[in-house]
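Just the one chain here, the form predicted on its own, laid out as structure tokens.
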């Protein structure tokens, strides 16, 4: 029996190909209710009108969304999807320049980019390139890899550059793959990791239509390796999906989870109602037919 598969596996680069899309920033805030309630109604409405005029156009493009958070971890969460870190910085500064910022205390944030890990395609491609006799990381090798990235990126554009989903409920959490002394995900060969991730993905696919999942990569950007955003009309689907995933190998053995944040989507033109008031003029009514 040929030993070629083992030789191929041993020669393969360890890292999978990844595709990157939108830059993403999560901002979590605690609201300064005591200071806010000291303001007169007119001043509160003026502050909210300014905030709506700045944020509503971002929301209409699917680039920014507001959530009312549940629990003690904060009151409000803003999520921004942009094409670059420069544009994320502009969005962050736009919020800081609002008068509303004086009543927001940022409790957390998370910086990442939408990421698709191509474990299955990577293993297949690496084997093909090795069978052609190409040396890993040679000019010819890198050319083939880059051509694959460009083809896949074009095919996956809707997943890499989506608008923020409009579902009512959000669950966001960061996570790592373990790197302990005895258990280290990154010391497993790429084919074993590919099989684990394939099984992991099969669980997620069973929740298609119930949960919309967006995975973001944050290695080199934040304290964890990935961020996970789950959007759904029924929040119980978060529990069911994450619980079921606990039983596949890649989660049961190698996953570490950070803090979970859960919120309810609030249209930005309803922010005044959220903060204890009404502001009908925040967004002009649609023209009469």
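Numbering follows the first chain given and starts at 1. Keep in mind that what you see is a predicted model, and the values were worked out from it rather than measured.
Keep in mind that the form predicted together with another copy of the chain is not shown, yet the notes after this line are about it.
No member of the trio 82, 211 and 229 reaches another copy of the chain in the model of the complex with any non-hydrogen atom inside 4.5 Å. The listed set 134, 123, 88, 145 contains one residue whose heavy atoms approach another copy of the chain in the model of the complex to within 4.5 Å, identified as 88.
The shortest heavy atom separation between residue 63 and another copy of the chain in the model of the complex exceeds 4.5 Å. Looking at residue 264, you'd find a heavy atom of it within 4.5 angstroms of another copy of the chain in the model of the complex. Another copy of the chain in the model of the complex is approached by residue 206, whose closest heavy atom lies within 4.5 angstroms of it. In the model of the complex, at least one heavy atom of residue 240 sits within 4.5 Å of a heavy atom of another copy of the chain. Contacts between stretch 230 to 255 and another copy of the chain, counted in the model of the complex as any heavy atom lying within 4.5 Å, involve 235, 236, 238, 239, 240, 242, 243, 244, 246, 247, 251, 252, 253, 255, listed in sequence order.
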